[in-house]
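Only one chain is included here, represented as structure tokens and corresponding to the form predicted alone.
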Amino acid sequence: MKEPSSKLEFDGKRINISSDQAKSVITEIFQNIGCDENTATIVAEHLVDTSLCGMESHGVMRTLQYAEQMQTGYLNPRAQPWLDISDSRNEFVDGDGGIGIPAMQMAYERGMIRSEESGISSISVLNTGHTGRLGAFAEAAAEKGFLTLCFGGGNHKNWKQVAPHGGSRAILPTNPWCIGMPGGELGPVVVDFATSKIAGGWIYAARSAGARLPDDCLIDRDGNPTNDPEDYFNGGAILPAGGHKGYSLALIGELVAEALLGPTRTECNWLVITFDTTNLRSCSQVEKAAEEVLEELRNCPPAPGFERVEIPGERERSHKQISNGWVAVPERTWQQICDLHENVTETHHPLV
């Protein structure tokens, strides 16, 4: 069992939960809130798998956020995403105002089918809530020989999270970018990052666990540095990753979501571009050439303070393997999930 590479700084302890138990509890939570069995299962499996990969900011902790958004009516728990193929030049998935994980999965699956037919495809994803860990979809596609690019976001009027470079007030969402492609012998290369210094999920995770965040990531409502998550919820902001570079990528994502695909409904709009790499080279040729590059990078002497040079995507797969079906969750967070499970079970299945 391996603890996640966490950004949380707290004095509490973690408890180990089997992936089967976590999936069962989370599936029942979403079913009792109103999701059908298929949606509840897809979301639960995605969140648990993300925790197994060590990505705590997008893992089982998100159960609390998603459940609250469904209970308040922000998200439609009974949503059924659907694919519109009436215009072959502009196919899109409509998330029906629900959680975006099933919608994004549908978009990637359709993109692979389309790119097999024409070499390259673009699918829009509209009217969704949070879409989970984008890297999970990109990795699944890369394992089948596809290069994918996903970016977007939107609805900055309701999701003011990140200050622009040089600004002191939150204006933009975290607007992540995700690229996945077939890699070498150890699997695909997956680049999945928020355009902010930390993903918004880390702030929710810190609040849930009673933890603090790393320095130089947040500012309070007056523009002063802070590592207290409550300062963010009280009018603060996340700083952009890499200064002007993260800000620029966030801005492009926002313009694509709002100006090109908009107007946004619910939370966000996305553009998923899929390319069939076998149009250029065979899978074996790509893997061999990629491994030559990746091996040289892995063998690069580490800089002071680092153990080794890592390849994007490999850490998550390694963490999942070492985790061996167990997730390490902050005790306080897991208790909140269990309390939620008990509450929604009693509400929807009252004792007689």
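All residue numbers are counted from 1 along the displayed sequence. Everything numeric here is computed off the predicted structure, so don't read it as measured data. In this text, rigid core is short for the largest set of C-alphas that superpose within 1.5 Å between two forms.
FYI, the form predicted in complex with another copy of the chain isn't displayed, but the following is about it.
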For this session: Would you check, heavy atoms only and a 4.5 Å threshold, whether Pro302 touches another copy of the chain in the model of the complex?
Result: yes
Exercise. Is there a non-hydrogen atom of His156 within 4.5 angstroms of a non-hydrogen atom of another copy of the chain in the model of the complex?
Worked result: yes
Problem set entry | in the model of the complex, Tyr204 touching another copy of the chain (heavy atom, 4.5 Å) | no
For this session: With heavy atoms only and a cut-off of 4.5 Å, decide whether Glu143 touches another copy of the chain in the model of the complex.
Result: no
For this session: Using heavy atoms and a 4.5 Å cut-off, decide whether Arg89, Gly242 and Val256 all contact another copy of the chain in the model of the complex.
Result: yes
Problem set entry | Proximity to another copy of the chain in the model of the complex, single hit among Asp215, Asp84, Glu230, Asp222 (heavy atom within 4.5 Å) | Asp222
Exercise. Among 110-118, 93-101, 204-212, 128-136, which stretch has residues with heavy atoms no more than 4.5 Å from another copy of the chain in the model of the complex?
Worked result: 110-118
Exercise. Taking heavy atoms and a 4.5 Å limit, what residues of 17-52 are near another copy of the chain in the model of the complex?
Worked result: none
For this session: Classify Arg169 as shifted (yes) or not shifted (no) between this form and the one not shown, where shifted means its C-alpha moves by 2 Å or more with the rigid core superposed.
Result: yes
Exercise. Quick one: once the rigid core is lined up, does Gly200 have its C-alpha move by 2 Å or more between this form and the one not shown?
Worked result: yes
Exercise. If you line up the core, does Lys144 shift 2 angstroms or more at its C-alpha between this form and the one not shown?
Worked result: no
